[in-house]
Every structure is written in C-alpha cells, then in structure tokens.
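As a starting point, one isolated chain is supplied in structure tokens, in the form predicted on its own.
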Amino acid sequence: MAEPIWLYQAGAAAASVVGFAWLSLAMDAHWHQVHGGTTPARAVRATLRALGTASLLASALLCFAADRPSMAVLVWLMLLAGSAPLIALTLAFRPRLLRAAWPWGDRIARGR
C-alpha cells in the first residue's frame, strides 16, 4: 500500500502557514492590524506563541514522515521560506484574513 506522501506534505505546508500566522498574532503590532485596537491578554499571547512553535515543529515532523531526512530538511526550510513571506504579504495587504487563525481574539482579549 502506498503511503499518502502528498497528505504529509500538504499537512506540513498548512502547519507552516498556520504556525507563522499564530506567531505573528502574538505580536502587538500584528494583533492590532488583525483585530483592531485591542491588546491581547498575556495568556493569549503565550498561547499563540506556543501554538505557533508547536505548529512549526509539527510541520517539520510531517516533512520527515514524507521524505528521507536530507530531503525533509530541504522541503521544511523551503516551506518556512515560503510561509513567512506569505504571512507578511497577508499582513501588508489583507490583515483581516488572519482572523481565521484566531477568530475569537476580540472576545478573549477583552475578557468577555
């Protein structure tokens, strides 16, 4: 039975993009761009950093599951190199799209 390598690779790409989105939302400036004038609570910021880090690590693990180590490292680095500018461009031109990464941000940040 063939392994679904493309599923691992697609999951790695998605985890990389979401990881950078969460890491960017952990920063006040980007949070303001996405959610307006609120400030994220300290716990929300820590959660976003932890989720972003875990998502990038999951992306690496999925790359290792899909390919041999030398190719996995290359693919993971390329995913990181592609995902970071994607999030930066999203923040520059359509920051509200990143609300999908943390849709309940306003309610939690204000303590509702």
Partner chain sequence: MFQSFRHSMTWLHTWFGLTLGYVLMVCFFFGSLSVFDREIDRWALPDTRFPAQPAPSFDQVLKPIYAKLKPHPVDLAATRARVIGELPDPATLPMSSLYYYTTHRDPVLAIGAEFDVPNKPRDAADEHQHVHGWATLDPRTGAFLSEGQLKLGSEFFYPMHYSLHLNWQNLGYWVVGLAALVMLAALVSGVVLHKKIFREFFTFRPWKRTQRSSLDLHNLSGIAGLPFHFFFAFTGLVIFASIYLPLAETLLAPLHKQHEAMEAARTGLAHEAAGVPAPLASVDAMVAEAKRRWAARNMPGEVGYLYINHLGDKNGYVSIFRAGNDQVALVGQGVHFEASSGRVIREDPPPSAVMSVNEFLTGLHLQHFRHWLLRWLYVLGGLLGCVCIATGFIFFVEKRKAQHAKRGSMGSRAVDALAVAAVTGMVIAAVAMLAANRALPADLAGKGGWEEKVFWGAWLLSFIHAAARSGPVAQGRINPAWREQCWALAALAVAAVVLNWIGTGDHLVKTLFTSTYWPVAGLDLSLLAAAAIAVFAGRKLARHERHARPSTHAAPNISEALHG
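Residue numbers count along the first chain shown, from 1. Owing to the predicted nature of the structure, the values given are computational and were not obtained by experimental measurement.
The form predicted together with its partner chain exists for this protein as well; it is not shown, and the discussion that follows is about that form.
Though the partner is left out of this view, Ala50 does not reach within 4.5 Å of its partner chain in the predicted bound form, counting heavy atoms only. Although the partner is absent here, Gln33 is a contact residue: one of its heavy atoms lies within 4.5 angstroms of its partner chain in the predicted bound form. Contact annotation: Leu89 falls within 4.5 Å of its partner chain in the predicted bound form, judged by heavy atom distances.
Put simply, Arg42 is far from its partner chain in the predicted bound form: not one heavy atom of it is within 4.5 Å. Contacts with its partner chain in the predicted bound form, taken as any heavy atom within 4.5 Å, map within 44 to 74 to Asp67, Arg68, Ser70, Met71, Leu74.
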